[in-house]
Each structure stands twice: as C-alpha cells, then as structure tokens.
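Here you get one chain, nothing else, as structure tokens; it is the form predicted on its own.
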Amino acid sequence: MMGFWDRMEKIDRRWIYLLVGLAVIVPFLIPMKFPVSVSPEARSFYDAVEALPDSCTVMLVFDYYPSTMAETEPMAIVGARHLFSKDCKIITLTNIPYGAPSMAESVTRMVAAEYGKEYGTDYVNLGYKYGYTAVLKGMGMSIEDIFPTDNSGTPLSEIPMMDSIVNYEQISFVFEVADNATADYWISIVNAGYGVPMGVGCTAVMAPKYYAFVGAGQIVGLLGGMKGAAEYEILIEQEGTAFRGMDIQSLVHFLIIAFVVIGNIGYFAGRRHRRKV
C-alpha cells in the first residue's frame, strides 16, 4: 500500500499534462453542462438591456486586448446578440489601438449575420481614436467631430444610421467591455457627466472593484470574467462559448483539487511509512 503512495508522490508530470489536456478537450466534444448560478449583478444587467426601447441606439465598446479574448470576447458576442435581438442600433468603438478595432469588426459582422442586420443601417464601427479622456468628453458635444469617418474611412455623413445621432443624448445605453482602467473613465465621464446608463463586462480579476459602482448605481450591472459571460448566455437562453468554457474551467479545477488531495495524502502517508521503517 505504501508503495502505491510513494509512486503517486513521484508521478511523471506528463501524465498530469495529459489529464489536463483531456479535461480541456472532452467538454468540447461532450458538453457536461455543469450548473452555473446567475449572479444578481448579471441579472440586473440583463434586466436593464431588456428594458431598453426597441430600435434604440447603443454603444458597444471593445476596450480589451487580444490577450484577454478568452474572458472578454464572449461578453461582447452575447451582448451584441441580446442587443440585436431587440433591434437596437449598435455603435462600436474602442480606446485600445492593438487589435481592438478589428475584433469589434469581426464580432459585430458575425453576430449581425446571425440576425440579418446590415452595416450602416443597423450597426457601425467607428474604430479607434487616441486620447480617451478627450474622446469621451468630445463625443458629448459631437460624435462626428471626434470620429469624422468609420473604421474603414467612410464619412459618417454618408452612413444612414448616423443621420440622427449627434452626441450622447441619442445614446440609450453603453456596454463597456474592458480588461483595463478605461472602464473607470467611461463611468466617471460618460455616466457621471452625461447621465448615460451603462453596464460593464470585465476580466474576473477586475470584477471586485466594480461591485462598488453597481452599489452606487453608476452601472446597471456587471459581468465578471467568463462566468459573467456564461450567466448572460443563460439569461438570453443561448448557451455558447462561455458556457462551454465554464465546463472546461470547472473540470480542470476539479482535477487540480484532486491532484492536490492525492499529492498531500501521498506525501503524509509516505512520510509516516518512512518513519516506521
């Protein structure tokens, strides 16, 4: 018996890598659908979007870097699906120069195709503009002054959807998806300064900071990490990438806990055996 625990204590790490790899691959092939509880912050976010007038204009902000796509992009996708399902007009933009304009383009075009939405009529991508403080304040006066063209260089005056959009007064809601402190500026400038309702989706490590903003009523709700995106998918009844990702995350966590337990049992059992010998 002690020989078994000695072997477990010295197990080849390649077996561990193999089991972790299987824990990642298997849920993609066989969905396990581990239960995901919906937080009050995610539900209040969903309720706020549900309460928006149909066909209103909203901003979906892609303030995240490619390195955090696994956590943040599912939020942007499910948010776009919910908004398009209500026939909202979506304006996308970003304060991040590295990859975010193209990610905004790819996400909105993909989701727009699912709902039969057309560029220029149902959504527009303004792209990136340097100097987020000046940009956010400037859009309070005139969006076209800050973004005279869209991401592909088409003048805003030639885009039908932007005919009646001047500034934040025509924006009903802002969904800020971020992996950095730009969310703070959207809250302090756009919400506090112009009274535009907004919700935040952020990485899991950032989420604790933004609970205070929910409590203060400065954001209507919060999506934290992949779990937040999975909660939103459950609420709109479209289980997607984040929900499957939670299967993977849960299974890997169970596996790690099992390794820790087995390793400790093996260590203490082996030490006890060696003392007797």
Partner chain sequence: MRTAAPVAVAFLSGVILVISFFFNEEKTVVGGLSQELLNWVIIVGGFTLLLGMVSIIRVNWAAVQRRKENWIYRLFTLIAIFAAAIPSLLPPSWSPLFGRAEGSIYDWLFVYLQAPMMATMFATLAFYIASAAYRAFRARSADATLLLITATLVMLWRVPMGEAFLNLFPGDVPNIINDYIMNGANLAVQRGIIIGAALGAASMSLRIILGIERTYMGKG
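Positions refer to the first chain, counted from 1. Quick caveat: nothing in here was measured; it's all calculated off a predicted structure.
Form predicted in complex with the partner chain: not shown, discussed below.
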Item to check | Heavy atom within 4.5 Å of the partner chain in the predicted bound form - residue from Ala112, Val135, Ile159, Ile165 | outcome: Val135
Next on the checklist: Using a 4.5 angstroms cut-off on non-hydrogen atoms, would Leu29 count as touching the partner chain in the predicted bound form?
Outcome noted: no
Checklist entry - Going by a heavy atom distance of 4.5 Å, is Gly224 a contact of the partner chain in the predicted bound form? => result yes
Checklist entry - Does the partner chain come within 4.5 Å of any heavy atom of Asp145 in the predicted bound form? => result yes
Checklist entry - Does any heavy atom of Glu41 come within 4.5 Å of a heavy atom of the partner chain in the predicted bound form? => result yes
Next on the checklist: Need the contact residues for 249 to 269: heavy atom within 4.5 Å of the partner chain in the predicted bound form, sequence order, or none if there are none.
Outcome noted: Gln249, Ser250, Leu251, His253, Phe254, Ile256, Ile257, Phe259, Val260, Ile262, Gly263, Asn264, Tyr267, Phe268
Next on the checklist: Thinking of the 3 angstroms or more shift, are the C-alphas of Thr203 and Val260 brought closer or pushed farther apart in the predicted bound form than in this view?
Outcome noted: closer
